[in-house]
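Below, in structure tokens: the form predicted on its own, a single chain.
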């Protein structure tokens, strides 16, 4: 029983998936994935050579124009790369931040100079970009952010604190939201900036987390930026965040994470003879069906993006549904594998290199990332059902 199927791809898309899968099955990539799985606590996967290997072919950002380092393909090929990387055990944080979020913002609203400055290096896997939105007192409600950009001649000076961001200690640039105008309307007066993270005045401090990779607290103390660092229009950051962040919520990445875990549990059940026991086989079959449904929902959003007709409500439904399946998958992993599922990658007896234990630690984060489950339900209730 496996859900790793192309799911309605065209022959060209299936051929592309095969080429990506073949690259990720190469010995050098498998050796890298094994090395990453065995990283000791505090060691993060960053500036991975596999990103450069994909970038050499234009596959790290396959839907970007070739002039910016992509392959000039579509949303389906981008989703295929995301799926295959996750299924191959390659961490996706750098890819999501640099390509799916910051890169998308740059493609949509960046100036030509900004695109040329950042996109080719990101698409080549040579640089990392991150996101500085969340603040200590402004989590899901970004309209409450207090980081300020004060006018300084023909530019701005930024002051504030950003928390729960990732890879900031390695990144070259960050997409940073700051308040440029005080307004009685909280959503008005927010501007997006491209903040050079190596600038004097940027201080990055670690924040402990259950996940393999740490969070960061970034303190911004008077960093001076110019008009060339503004992304989009001044005071229009809320609209940009609201519109463009919805485009990352296809659910494809979260489905691949859930699918990888379920496939490992299924393989474990088969190896131990439990797959012949209805007490295990029936729940596994039920979860497999749910993930296939989630896969169909996620890929419908991919097709919508490819057609230029994104569906914010459908994306919220797909993201909510897929991430809600991860908890029962992990619960069943404990039933099938027992206490061995809790052995870490640093224990030689850990099954599957400790992937299940890492999933147990990181599982709750999937309901929070890219918009919490509660925010997704609120969006559905408001925009689709008219309940709020």
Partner chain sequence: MTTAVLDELRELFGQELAPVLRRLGERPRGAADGPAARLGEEDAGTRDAVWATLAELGAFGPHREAERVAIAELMGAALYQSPYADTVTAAALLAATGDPAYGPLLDEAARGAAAVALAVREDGLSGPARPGPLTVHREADGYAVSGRRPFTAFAADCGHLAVVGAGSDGEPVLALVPRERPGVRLTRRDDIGRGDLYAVELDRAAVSGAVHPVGALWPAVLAAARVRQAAALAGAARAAVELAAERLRSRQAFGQPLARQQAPAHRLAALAAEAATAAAFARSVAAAADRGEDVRATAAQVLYLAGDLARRAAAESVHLHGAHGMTEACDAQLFLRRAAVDSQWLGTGTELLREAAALLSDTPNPR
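Small disclaimer: the values here were computed from a predicted structure and weren't measured. Residue numbers count along the first chain shown, from 1.
Here the subject shifts to the form predicted in complex with the partner chain, a form of this protein not shown in this document.
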Selected contact from 200, 153, 208, 72, since only one has a non-hydrogen atom within 4.5 angstroms of the partner chain in the predicted bound form: 208
Considering non-hydrogen atoms and a 4.5 Å limit, which listed residue (227, 233, 277, 243) is close to the partner chain in the predicted bound form? 277
I'd like to know if residue 352 sits close to the partner chain in the predicted bound form, meaning any non-hydrogen atom pair within 4.5 angstroms. no
Closest heavy atom of residue 47 to the partner chain in the predicted bound form, within 4.5 Å or not? no
Any chance residue 148 has a heavy atom within 4.5 Å of the partner chain in the predicted bound form? no
In the predicted bound form, residue 15 touching the partner chain (heavy atom, 4.5 Å): no
At 4.5 angstroms, heavy atoms only, are 212, 339 and 367 all close to the partner chain in the predicted bound form? yes
Location of the partner chain contact in the predicted bound form, chosen stretch of 101-109, 200-208, 75-83, 292-300 [non-hydrogen atom, 4.5 Å]: 200-208
Which residues, if any, of 329-357 lie within 4.5 Å of the partner chain in the predicted bound form when only heavy atoms count? 331, 334, 335, 336, 337, 338, 339, 340, 342, 343, 344, 346, 347, 349, 357
